[in-house]
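Below you'll find only one chain, the form predicted on its own, shown as structure tokens.
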Amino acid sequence: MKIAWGITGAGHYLKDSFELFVELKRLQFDRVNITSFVSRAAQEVTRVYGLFQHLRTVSPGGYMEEIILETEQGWSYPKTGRFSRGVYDALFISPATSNSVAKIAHGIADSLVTNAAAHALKAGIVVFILPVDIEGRVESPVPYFINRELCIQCRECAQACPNDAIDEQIDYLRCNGCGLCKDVCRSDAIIGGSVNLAVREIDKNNVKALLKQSGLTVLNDPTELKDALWAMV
């Protein structure tokens, strides 16, 4: 069984998706090959959430088990040509940002993951998408940030950071989500949390447009993602 996992730049459902693919690989390691297709935004977001360095637990390397980074693929995304040859049994895009959903809904294929989706659908490979914005409101996790009302300006967090990512706030383009800053903070000023966001009407409509596409299945939550993954094996 050969599965492709497309990761976009969403934080919501990211950890859930990662844990499900890790579990699938652990339980079916001799039956399932998983290739991870990582968008430019996902390269940054997986680092911020401390997951990038663990992607090899899903895709350990070797043919059909690579971690394919958009930043290393140029503008023609040659590795997505595999979908045209029908070498994958399914493509799972999880989590899918509203931007990626909009592009796939309207046939735009100008990024690694949306290009993979276009090739897969043309080749008759089933595509599963877990959007982060479907309807209602979304409780989305946020990475570490500094609460300046609690901060005592001791600078121990900046000294502990291995990537020089901390000044007045945390530079997410440098942060790797290691949590060392939180560990050394004496005033509990470095915290994570979540934000509650309303789903825009345009994002709802783009998800509805996905539902009309043949060969594409929209998943509503990580439970449906798990069911779809296990149904494949």
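What you are looking at is a predicted structure, and each value in this text was computed from that prediction instead of being measured. We number the residues from 1 along the sequence you see.
The same protein also exists as the form predicted in complex with a small molecule; that form is not shown, yet it is the one meant from here on.
> Which of Cys185, Val58, Val45, Ile166 has a heavy atom within 4.5 Å of the small molecule in the predicted bound form?
Replying inline: By the 4.5 Å heavy-atom cutoff, the listed residue in contact is Val45.
>> Give me the residue from Val199, Ala189, Ala41, Ile67 that has a heavy atom within 4.5 Å of the small molecule in the predicted bound form.
In response: Of the candidates Val199, Ala189, Ala41, Ile67, Ala41 is the one lying within 4.5 Å of the small molecule in the predicted bound form.
>> So in the predicted bound form, is the small molecule close enough to Thr80 to count as touching (4.5 Å, heavy atoms)?
In response: Close contact is absent here: in the predicted bound form, Thr80 is far from the small molecule, nothing within 4.5 Å, heavy atoms only.
> Quick one: is Ser94 in contact with the small molecule in the predicted bound form, heavy atoms, 4.5 Å cut-off?
Replying inline: No, no contact at 4.5 Å.
> Any chance Phe52 has a heavy atom within 4.5 Å of the small molecule in the predicted bound form?
Replying inline: Residue-level check for Phe52: no, no contact with the small molecule.
> Within a 4.5 Å heavy atom cut-off, is Ala10 in contact with the small molecule in the predicted bound form?
Replying inline: Taking the distances in the predicted bound form, the answer for Ala10 is yes, it comes within 4.5 Å of the small molecule.
>> Among the candidate stretches 115-123, 94-102, 152-160, 81-89, which one is within 4.5 Å of the small molecule in the predicted bound form when only heavy atoms are counted?
In response: Comparing against the small molecule in the predicted bound form, the contact stretch is 94-102.
>> Between the small molecule and Val207, Asn220 and Pro222, in the predicted bound form, does every residue show a non-hydrogen atom at 4.5 Å or closer?
In response: Heavy-atom distance to the small molecule in the predicted bound form: none of the three under 4.5 Å.
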